[in-house]
Ligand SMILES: CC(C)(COP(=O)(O)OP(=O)(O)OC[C@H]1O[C@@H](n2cnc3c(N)ncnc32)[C@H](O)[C@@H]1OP(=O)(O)O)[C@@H](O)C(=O)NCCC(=O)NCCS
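Quick setup: one chain, the form predicted alone, written in structure tokens, and binding and motion questions come after.
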Amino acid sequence: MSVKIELLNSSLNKKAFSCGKVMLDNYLHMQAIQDVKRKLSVVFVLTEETTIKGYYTLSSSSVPVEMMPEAIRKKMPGSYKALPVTLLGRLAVDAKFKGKGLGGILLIDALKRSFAVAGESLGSIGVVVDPLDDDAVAFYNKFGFILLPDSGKMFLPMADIAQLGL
């Protein structure tokens, strides 16, 4: 399968996308283009011609230092109250294409882009996700994300992403 992951643009058919999660569908249908214009997030889509098979969003964020695992906290300067991270805010695959590994392809692409940016343009110690449900938690667990205490968020350090050899 030849996959193309590109920036969201107006030539793509957003309305046909349906992953079965209303919040994720509505975001792509009604808000994504505005978020891109406002520089709130960048939206990447996995496409075939004008069909969107899946998408994800990236933006800058931070996590309070006390939420980080001790192994990471002890390596950081004491003056930091929050640590810079890349937020993988949304990731969804159209229901018609589930079970084909597209979620993993989208996640790996997001990790590659996050790692590249952290290496050259923007400070980030890792990627954070805020899983929507137990299925999402299980998905991110498979890729090594760890649960951050008392937040529901999950985290994958850039050092771990580097070891993936992306």
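One-based numbering along the sequence shown. Quantities reported herein were computed from a predicted structural model and do not represent experimental measurements.
We do not show the form predicted together with this ligand, though everything after this point is about it.
Residues of just one listed stretch (117 to 125, 137 to 145, 37 to 45, 61 to 69) have heavy atoms within 4.5 Å of this ligand in the predicted bound form: 137 to 145.
Candidate site formed by Cys19, Lys98 and Gly101: every one of these residues places a non-hydrogen atom within 4.5 angstroms of this ligand in the predicted bound form. When this ligand is considered in the predicted bound form, Ala110 lies well away from it, no heavy atom lying within 4.5 Å. The shortest heavy atom separation between Ile33 and this ligand in the predicted bound form exceeds 4.5 Å. At a distance threshold of 4.5 angstroms between non-hydrogen atoms, Val85 is out of contact with this ligand in the predicted bound form. Of the heavy atoms in Leu24, some are within 4.5 Å of this ligand in the predicted bound form.
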